[in-house]
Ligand code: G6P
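The data below hold one chain only, encoded as C-alpha coordinates and taken in the form predicted alone.
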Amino acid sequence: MKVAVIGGGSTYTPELVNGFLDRVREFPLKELWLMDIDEQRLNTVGGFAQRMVKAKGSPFSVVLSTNQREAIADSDYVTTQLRVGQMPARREDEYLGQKHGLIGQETTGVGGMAKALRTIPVILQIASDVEELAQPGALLVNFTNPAGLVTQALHQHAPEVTSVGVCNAPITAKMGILEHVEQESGESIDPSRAELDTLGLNHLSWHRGFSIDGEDIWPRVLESYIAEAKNDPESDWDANTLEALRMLPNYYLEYYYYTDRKLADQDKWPPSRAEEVMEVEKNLLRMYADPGLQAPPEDLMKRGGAYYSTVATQLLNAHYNDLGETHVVNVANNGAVSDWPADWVLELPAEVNKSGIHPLPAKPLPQECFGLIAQVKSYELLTVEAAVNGNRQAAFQALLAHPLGPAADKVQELLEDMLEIHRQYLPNFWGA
(Lines give C-alpha, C1' and ligand atoms only; values in the text may rest on other atoms or scores of the structure.)
Protein backbone atom coordinates (compact mmCIF):
# COMPACT_ATOMS: atom_id res chain seq x y z
CA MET A 1 0.00 0.00 0.00
CA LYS A 2 1.18 3.51 -0.84
CA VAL A 3 0.08 6.74 0.85
CA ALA A 4 1.11 10.13 -0.52
CA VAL A 5 1.14 13.22 1.69
CA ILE A 6 1.08 16.46 -0.31
CA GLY A 7 2.58 19.08 1.95
CA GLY A 8 4.82 16.52 3.61
CA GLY A 9 7.15 19.24 4.89
CA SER A 10 4.51 20.34 7.39
CA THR A 11 5.54 20.37 11.04
CA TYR A 12 2.43 18.22 11.64
CA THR A 13 3.91 15.35 9.61
CA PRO A 14 5.73 13.60 12.50
CA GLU A 15 2.42 13.25 14.34
CA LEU A 16 0.91 11.73 11.20
CA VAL A 17 3.82 9.29 11.00
CA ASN A 18 3.17 8.30 14.61
CA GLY A 19 -0.42 7.51 13.70
CA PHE A 20 0.70 5.14 10.95
CA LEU A 21 3.27 3.53 13.26
CA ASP A 22 0.53 2.90 15.84
CA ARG A 23 -1.56 1.07 13.24
CA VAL A 24 0.97 -0.99 11.30
CA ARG A 25 -0.71 -4.29 12.20
CA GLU A 26 -4.11 -3.14 10.93
CA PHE A 27 -3.06 -0.80 8.15
CA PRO A 28 -0.32 -2.51 6.08
CA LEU A 29 1.40 0.58 4.75
CA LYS A 30 4.49 -0.15 2.62
CA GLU A 31 5.42 3.26 1.21
CA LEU A 32 4.75 6.66 2.76
CA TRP A 33 5.61 9.38 0.26
CA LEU A 34 6.14 12.88 1.62
CA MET A 35 5.93 15.49 -1.13
CA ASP A 36 6.65 19.20 -0.75
CA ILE A 37 7.83 22.03 -3.01
CA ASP A 38 10.09 23.35 -0.22
CA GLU A 39 13.00 20.93 -0.53
CA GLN A 40 14.94 22.19 2.47
CA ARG A 41 11.97 21.91 4.77
CA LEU A 42 11.03 18.52 3.29
CA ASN A 43 14.51 17.17 3.99
CA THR A 44 14.38 18.39 7.60
CA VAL A 45 10.90 17.04 8.38
CA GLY A 46 11.25 14.00 6.15
CA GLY A 47 14.65 13.08 7.56
CA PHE A 48 13.16 13.13 11.05
CA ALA A 49 10.21 11.02 9.84
CA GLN A 50 12.64 8.47 8.41
CA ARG A 51 14.48 8.26 11.75
CA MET A 52 11.16 7.78 13.58
CA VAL A 53 10.24 4.86 11.34
CA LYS A 54 13.71 3.33 11.51
CA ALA A 55 13.59 3.47 15.32
CA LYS A 56 10.43 1.33 15.18
CA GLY A 57 12.00 -1.35 13.01
CA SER A 58 11.22 0.17 9.58
CA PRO A 59 7.75 -1.35 9.09
CA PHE A 60 7.36 0.88 6.02
CA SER A 61 9.59 3.13 3.94
CA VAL A 62 9.43 6.93 3.92
CA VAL A 63 10.18 8.42 0.49
CA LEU A 64 10.83 12.14 0.00
CA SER A 65 9.92 13.88 -3.25
CA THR A 66 9.43 17.35 -4.72
CA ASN A 67 7.53 15.85 -7.66
CA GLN A 68 3.78 15.80 -7.09
CA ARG A 69 2.94 13.43 -9.94
CA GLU A 70 5.63 10.97 -8.87
CA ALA A 71 4.31 11.01 -5.31
CA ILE A 72 0.70 10.46 -6.37
CA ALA A 73 1.40 7.74 -8.94
CA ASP A 74 -0.05 4.37 -7.85
CA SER A 75 -1.12 5.73 -4.45
CA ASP A 76 -4.03 4.14 -2.63
CA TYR A 77 -4.55 7.23 -0.46
CA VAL A 78 -3.57 10.86 -1.01
CA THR A 79 -3.74 13.38 1.81
CA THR A 80 -3.35 17.14 1.42
CA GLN A 81 -2.01 19.34 4.21
CA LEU A 82 -0.50 22.21 2.26
CA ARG A 83 -0.37 25.99 2.69
CA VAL A 84 -0.01 28.04 -0.49
CA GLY A 85 2.36 30.89 0.33
CA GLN A 86 3.38 29.20 3.59
CA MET A 87 3.18 31.04 6.92
CA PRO A 88 4.00 34.51 5.53
CA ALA A 89 0.79 34.32 3.47
CA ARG A 90 -1.17 33.40 6.61
CA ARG A 91 0.28 36.44 8.35
CA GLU A 92 -0.84 38.60 5.42
CA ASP A 93 -4.36 37.13 5.69
CA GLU A 94 -4.58 38.00 9.37
CA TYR A 95 -3.31 41.55 8.98
CA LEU A 96 -5.54 42.09 5.92
CA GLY A 97 -8.53 41.75 8.24
CA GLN A 98 -7.03 43.97 10.90
CA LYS A 99 -6.12 46.66 8.35
CA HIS A 100 -9.73 46.89 7.22
CA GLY A 101 -11.26 46.75 10.70
CA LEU A 102 -12.44 43.16 10.22
CA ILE A 103 -11.70 39.76 11.71
CA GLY A 104 -8.24 38.61 10.64
CA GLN A 105 -8.19 34.81 10.78
CA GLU A 106 -6.79 32.09 8.55
CA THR A 107 -10.04 30.23 7.82
CA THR A 108 -12.83 32.60 8.83
CA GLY A 109 -13.81 35.90 7.20
CA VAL A 110 -11.68 37.73 4.65
CA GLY A 111 -8.51 35.86 5.62
CA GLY A 112 -10.21 32.54 5.00
CA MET A 113 -11.40 33.78 1.62
CA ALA A 114 -7.90 34.86 0.61
CA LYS A 115 -6.57 31.44 1.60
CA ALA A 116 -9.32 29.70 -0.37
CA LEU A 117 -8.59 31.70 -3.53
CA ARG A 118 -4.93 30.64 -3.36
CA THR A 119 -5.65 27.04 -2.41
CA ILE A 120 -8.57 25.79 -4.50
CA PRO A 121 -6.80 25.76 -7.90
CA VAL A 122 -3.84 23.89 -6.36
CA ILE A 123 -6.08 21.27 -4.74
CA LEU A 124 -8.02 20.76 -7.97
CA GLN A 125 -4.76 20.09 -9.83
CA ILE A 126 -3.90 17.50 -7.19
CA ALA A 127 -7.32 15.92 -7.74
CA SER A 128 -6.63 15.83 -11.49
CA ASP A 129 -3.35 14.01 -10.84
CA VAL A 130 -5.13 11.58 -8.50
CA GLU A 131 -7.68 10.75 -11.20
CA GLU A 132 -4.94 10.22 -13.79
CA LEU A 133 -2.18 8.55 -11.78
CA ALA A 134 -3.40 7.03 -8.51
CA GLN A 135 -4.88 3.58 -8.05
CA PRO A 136 -8.51 3.24 -9.19
CA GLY A 137 -10.79 4.29 -6.34
CA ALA A 138 -8.01 6.09 -4.47
CA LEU A 139 -9.33 8.28 -1.65
CA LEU A 140 -8.31 11.94 -1.46
CA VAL A 141 -8.39 13.17 2.16
CA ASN A 142 -8.13 16.95 2.49
CA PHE A 143 -6.88 18.55 5.70
CA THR A 144 -5.99 21.84 4.01
CA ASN A 145 -7.90 24.84 5.33
CA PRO A 146 -10.46 26.16 4.82
CA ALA A 147 -11.29 22.46 4.78
CA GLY A 148 -15.03 22.64 4.15
CA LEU A 149 -14.75 25.22 1.41
CA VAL A 150 -11.93 23.32 -0.32
CA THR A 151 -13.98 20.11 -0.13
CA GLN A 152 -16.95 21.99 -1.63
CA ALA A 153 -14.71 22.87 -4.60
CA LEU A 154 -13.61 19.23 -4.92
CA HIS A 155 -17.23 18.04 -4.89
CA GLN A 156 -18.23 20.52 -7.60
CA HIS A 157 -15.18 20.40 -9.86
CA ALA A 158 -13.61 16.97 -9.28
CA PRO A 159 -16.62 14.68 -8.72
CA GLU A 160 -14.84 11.74 -10.34
CA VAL A 161 -12.38 11.61 -7.41
CA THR A 162 -13.65 10.28 -4.08
CA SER A 163 -12.75 12.98 -1.58
CA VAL A 164 -13.48 13.94 1.99
CA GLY A 165 -12.55 16.93 4.13
CA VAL A 166 -11.29 16.43 7.66
CA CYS A 167 -10.70 18.79 10.57
CA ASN A 168 -9.49 18.16 14.11
CA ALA A 169 -12.07 20.54 15.67
CA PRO A 170 -14.81 17.87 16.06
CA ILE A 171 -12.54 15.36 17.79
CA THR A 172 -11.15 18.13 19.98
CA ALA A 173 -14.73 18.94 21.01
CA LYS A 174 -15.47 15.25 21.60
CA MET A 175 -12.42 14.81 23.81
CA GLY A 176 -13.21 17.99 25.73
CA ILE A 177 -16.77 16.85 26.42
CA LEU A 178 -15.49 13.41 27.38
CA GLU A 179 -13.17 15.04 29.91
CA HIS A 180 -16.16 16.88 31.41
CA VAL A 181 -18.06 13.60 31.71
CA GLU A 182 -15.09 11.79 33.26
CA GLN A 183 -14.59 14.54 35.85
CA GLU A 184 -18.24 14.29 36.90
CA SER A 185 -18.39 10.49 36.95
CA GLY A 186 -14.87 9.74 38.15
CA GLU A 187 -14.77 7.04 35.48
CA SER A 188 -12.19 6.71 32.72
CA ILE A 189 -14.01 6.24 29.41
CA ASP A 190 -12.48 4.88 26.21
CA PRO A 191 -13.12 7.47 23.45
CA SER A 192 -14.31 4.70 21.12
CA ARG A 193 -17.39 4.33 23.36
CA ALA A 194 -18.41 7.96 22.78
CA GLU A 195 -20.02 9.64 19.78
CA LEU A 196 -20.61 13.32 19.09
CA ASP A 197 -23.70 14.54 17.23
CA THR A 198 -22.74 17.70 15.38
CA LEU A 199 -23.93 19.52 12.27
CA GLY A 200 -23.03 22.56 10.23
CA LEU A 201 -20.15 23.67 8.07
CA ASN A 202 -16.46 23.34 8.84
CA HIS A 203 -15.65 25.89 11.58
CA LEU A 204 -19.36 26.77 11.67
CA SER A 205 -21.07 23.89 13.46
CA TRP A 206 -23.09 23.18 16.57
CA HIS A 207 -22.69 20.17 18.88
CA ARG A 208 -26.10 18.91 19.97
CA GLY A 209 -25.74 15.35 21.20
CA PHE A 210 -23.26 13.14 23.01
CA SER A 211 -23.65 9.45 23.71
CA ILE A 212 -21.75 6.82 25.65
CA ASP A 213 -22.37 3.23 24.54
CA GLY A 214 -25.38 4.50 22.57
CA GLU A 215 -26.99 6.32 25.53
CA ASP A 216 -27.54 10.03 24.84
CA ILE A 217 -26.35 12.05 27.84
CA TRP A 218 -26.51 15.46 26.14
CA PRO A 219 -28.91 17.15 28.60
CA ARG A 220 -26.50 16.43 31.46
CA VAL A 221 -23.48 17.53 29.42
CA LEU A 222 -25.13 20.77 28.35
CA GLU A 223 -26.18 21.66 31.90
CA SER A 224 -22.57 21.21 32.97
CA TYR A 225 -21.41 23.73 30.38
CA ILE A 226 -24.19 26.17 31.28
CA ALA A 227 -23.25 25.98 34.94
CA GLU A 228 -19.62 26.60 34.05
CA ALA A 229 -20.59 29.63 31.95
CA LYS A 230 -22.59 31.07 34.85
CA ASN A 231 -19.79 30.59 37.35
CA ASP A 232 -16.78 31.55 35.24
CA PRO A 233 -16.65 35.20 34.10
CA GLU A 234 -13.94 34.25 31.59
CA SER A 235 -15.95 31.43 29.99
CA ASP A 236 -15.88 31.31 26.19
CA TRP A 237 -19.68 31.28 26.08
CA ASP A 238 -22.33 33.21 27.97
CA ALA A 239 -24.95 31.09 29.73
CA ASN A 240 -27.94 32.81 28.08
CA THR A 241 -26.70 31.86 24.61
CA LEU A 242 -26.17 28.23 25.57
CA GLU A 243 -29.58 28.04 27.24
CA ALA A 244 -31.28 29.50 24.16
CA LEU A 245 -29.47 27.26 21.69
CA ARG A 246 -29.49 24.07 23.78
CA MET A 247 -26.35 23.31 21.83
CA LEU A 248 -22.62 23.96 22.20
CA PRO A 249 -21.17 26.03 19.33
CA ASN A 250 -17.91 25.20 17.60
CA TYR A 251 -15.34 27.60 19.05
CA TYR A 252 -14.93 29.38 15.69
CA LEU A 253 -18.45 30.72 16.19
CA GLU A 254 -16.97 33.13 18.71
CA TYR A 255 -15.94 35.22 15.68
CA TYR A 256 -19.63 35.56 14.75
CA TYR A 257 -21.27 35.71 18.19
CA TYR A 258 -18.66 37.90 19.90
CA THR A 259 -17.13 39.85 17.02
CA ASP A 260 -16.33 42.95 19.08
CA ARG A 261 -14.46 40.87 21.64
CA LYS A 262 -12.41 39.20 18.95
CA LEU A 263 -11.63 42.53 17.29
CA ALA A 264 -10.44 43.85 20.65
CA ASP A 265 -8.16 40.83 21.03
CA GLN A 266 -6.67 41.43 17.62
CA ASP A 267 -5.98 45.08 18.48
CA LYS A 268 -3.28 43.72 20.80
CA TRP A 269 -1.23 42.36 17.89
CA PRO A 270 1.61 41.75 17.30
CA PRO A 271 2.04 38.89 17.56
CA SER A 272 -0.81 37.51 15.51
CA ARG A 273 -1.42 33.77 15.64
CA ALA A 274 0.59 33.33 12.44
CA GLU A 275 3.56 35.08 14.03
CA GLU A 276 3.27 32.89 17.12
CA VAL A 277 3.18 29.75 14.97
CA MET A 278 6.17 30.93 12.94
CA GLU A 279 8.22 31.03 16.14
CA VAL A 280 6.94 27.61 17.21
CA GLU A 281 7.78 26.15 13.80
CA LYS A 282 11.25 27.67 13.83
CA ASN A 283 11.95 25.84 17.08
CA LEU A 284 10.34 22.62 15.87
CA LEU A 285 12.36 22.55 12.66
CA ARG A 286 15.55 23.11 14.67
CA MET A 287 14.65 20.12 16.85
CA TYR A 288 13.64 17.98 13.85
CA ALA A 289 17.09 18.61 12.36
CA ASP A 290 18.76 17.00 15.38
CA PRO A 291 20.04 13.63 14.09
CA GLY A 292 19.53 12.13 17.55
CA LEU A 293 15.80 12.94 17.70
CA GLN A 294 13.61 9.89 17.04
CA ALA A 295 10.22 10.84 18.55
CA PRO A 296 8.06 13.98 18.25
CA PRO A 297 9.00 16.62 20.86
CA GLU A 298 6.47 17.93 23.36
CA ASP A 299 6.66 21.37 21.72
CA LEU A 300 4.66 19.95 18.79
CA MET A 301 1.53 20.48 20.89
CA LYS A 302 2.18 24.25 20.81
CA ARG A 303 1.61 24.12 17.06
CA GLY A 304 -2.08 23.31 17.50
CA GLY A 305 -3.90 20.52 15.71
CA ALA A 306 -4.46 18.23 18.67
CA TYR A 307 -5.48 14.66 17.75
CA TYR A 308 -4.42 15.21 14.15
CA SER A 309 -2.76 11.80 13.88
CA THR A 310 -5.84 10.09 15.33
CA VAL A 311 -8.22 11.78 12.91
CA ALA A 312 -6.04 11.24 9.85
CA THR A 313 -4.84 7.69 10.24
CA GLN A 314 -7.96 6.21 11.80
CA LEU A 315 -10.07 7.53 8.91
CA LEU A 316 -7.81 5.75 6.42
CA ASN A 317 -7.79 2.66 8.62
CA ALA A 318 -11.61 2.61 8.84
CA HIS A 319 -11.87 2.93 5.06
CA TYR A 320 -9.27 0.27 4.28
CA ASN A 321 -10.54 -2.26 6.83
CA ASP A 322 -14.24 -1.66 6.12
CA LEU A 323 -14.89 -0.86 9.79
CA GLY A 324 -18.14 1.07 9.38
CA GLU A 325 -17.00 3.59 12.00
CA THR A 326 -18.67 6.94 12.50
CA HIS A 327 -16.42 9.93 11.83
CA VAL A 328 -17.32 13.63 11.72
CA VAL A 329 -16.17 14.76 8.29
CA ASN A 330 -16.87 17.24 5.50
CA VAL A 331 -18.79 15.57 2.72
CA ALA A 332 -21.64 16.34 0.31
CA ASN A 333 -25.04 16.28 2.02
CA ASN A 334 -26.67 13.97 -0.58
CA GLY A 335 -29.96 13.90 1.31
CA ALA A 336 -28.62 13.26 4.81
CA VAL A 337 -30.27 16.52 5.88
CA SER A 338 -33.34 16.20 3.73
CA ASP A 339 -34.42 19.85 3.88
CA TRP A 340 -31.03 21.19 2.75
CA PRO A 341 -29.54 21.19 -0.78
CA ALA A 342 -27.95 17.87 -1.68
CA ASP A 343 -24.81 19.47 -3.14
CA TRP A 344 -23.88 21.41 0.00
CA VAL A 345 -20.75 20.05 1.63
CA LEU A 346 -21.54 19.78 5.35
CA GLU A 347 -19.63 18.79 8.47
CA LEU A 348 -21.53 15.92 10.06
CA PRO A 349 -21.22 12.31 11.23
CA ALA A 350 -20.66 9.81 8.43
CA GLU A 351 -20.12 6.08 8.21
CA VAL A 352 -16.68 5.19 6.87
CA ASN A 353 -16.31 1.83 5.17
CA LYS A 354 -14.60 0.32 2.15
CA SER A 355 -17.22 1.67 -0.24
CA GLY A 356 -16.71 5.26 0.81
CA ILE A 357 -17.83 8.02 3.15
CA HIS A 358 -21.60 8.00 3.77
CA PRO A 359 -23.25 10.91 5.65
CA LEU A 360 -25.74 9.70 8.24
CA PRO A 361 -29.31 11.03 8.35
CA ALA A 362 -29.48 14.17 10.47
CA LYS A 363 -32.18 16.56 11.64
CA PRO A 364 -31.71 20.09 10.29
CA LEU A 365 -30.51 22.83 12.61
CA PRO A 366 -33.03 25.33 14.00
CA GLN A 367 -33.70 28.66 12.31
CA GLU A 368 -31.38 30.64 14.56
CA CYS A 369 -28.51 28.56 13.17
CA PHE A 370 -29.71 27.87 9.64
CA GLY A 371 -29.75 31.55 8.68
CA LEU A 372 -26.04 31.85 9.37
CA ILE A 373 -25.33 28.50 7.68
CA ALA A 374 -27.14 29.60 4.50
CA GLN A 375 -25.35 32.93 4.41
CA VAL A 376 -21.89 31.42 4.82
CA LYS A 377 -22.63 28.64 2.33
CA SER A 378 -23.61 31.29 -0.21
CA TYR A 379 -20.24 32.91 0.40
CA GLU A 380 -18.53 29.54 -0.04
CA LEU A 381 -20.22 28.79 -3.37
CA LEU A 382 -19.35 32.24 -4.70
CA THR A 383 -15.75 31.85 -3.51
CA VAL A 384 -15.41 28.53 -5.35
CA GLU A 385 -16.64 30.20 -8.53
CA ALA A 386 -14.20 33.08 -8.03
CA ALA A 387 -11.22 30.80 -7.32
CA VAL A 388 -11.78 28.39 -10.20
CA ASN A 389 -12.42 31.00 -12.88
CA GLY A 390 -10.63 34.10 -11.59
CA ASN A 391 -14.07 35.70 -11.48
CA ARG A 392 -13.74 39.09 -9.78
CA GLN A 393 -17.49 39.69 -9.83
CA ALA A 394 -18.05 36.45 -7.91
CA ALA A 395 -15.29 37.44 -5.47
CA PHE A 396 -17.02 40.79 -4.90
CA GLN A 397 -20.33 39.00 -4.30
CA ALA A 398 -18.68 36.55 -1.90
CA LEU A 399 -17.39 39.41 0.25
CA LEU A 400 -20.82 41.03 0.08
CA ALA A 401 -22.46 37.81 1.26
CA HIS A 402 -20.09 37.04 4.15
CA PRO A 403 -21.45 38.14 7.55
CA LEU A 404 -17.90 39.07 8.61
CA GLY A 405 -17.18 40.93 5.37
CA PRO A 406 -16.82 44.68 4.84
CA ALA A 407 -19.57 47.23 4.30
CA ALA A 408 -20.86 47.19 0.72
CA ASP A 409 -19.09 50.41 -0.22
CA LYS A 410 -15.78 49.02 1.10
CA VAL A 411 -15.87 45.68 -0.72
CA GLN A 412 -14.05 46.84 -3.86
CA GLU A 413 -11.23 48.41 -1.86
CA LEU A 414 -10.71 45.26 0.21
CA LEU A 415 -10.93 42.97 -2.82
CA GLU A 416 -8.28 44.92 -4.70
CA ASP A 417 -6.05 44.85 -1.63
CA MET A 418 -6.53 41.07 -1.20
CA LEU A 419 -5.77 40.28 -4.83
CA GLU A 420 -2.72 42.53 -4.95
CA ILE A 421 -1.22 41.18 -1.70
CA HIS A 422 -1.41 37.60 -2.99
CA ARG A 423 -0.88 38.40 -6.66
CA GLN A 424 1.91 35.83 -7.13
CA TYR A 425 -0.39 33.03 -5.91
CA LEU A 426 -3.48 34.01 -7.92
CA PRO A 427 -2.73 33.26 -11.59
CA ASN A 428 -6.45 32.82 -12.34
CA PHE A 429 -6.95 36.51 -11.53
CA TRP A 430 -3.69 37.94 -12.85
CA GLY A 431 -2.54 35.55 -15.59
CA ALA A 432 0.16 32.91 -15.28
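This structure is a prediction, so every number in the text was calculated from the model and none was measured. We number the residues from 1 along the sequence you see.
Below: the form predicted together with this ligand, not depicted.
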Go through 225-233, 155-163, 335-343, 249-257 and give me the stretch that gets within 4.5 Å of this ligand in the predicted bound form, heavy atoms only.
-> 249-257
The one option of 100, 180, 303, 174 with any heavy atom within 4.5 Å of this ligand in the predicted bound form is 303
Could you tell me which one of 203, 262, 319, 91 places a heavy atom within 4.5 Å of this ligand in the predicted bound form?
-> 203
Residue 20: touches this ligand in the predicted bound form, heavy atom cutoff 4.5 angstroms = no
If you check in the predicted bound form, is residue 138 within 4.5 Å of this ligand, heavy atoms only?
-> no
Find out whether any non-hydrogen atom of residue 145 is located within 4.5 angstroms of this ligand in the predicted bound form, and reply yes or no.
-> yes
Any non-hydrogen atom of residue 167 within 4.5 angstroms of this ligand in the predicted bound form = yes
Neighbours of this ligand in the predicted bound form among 256-287 [non-hydrogen atom within 4.5 angstroms] = 273, 277
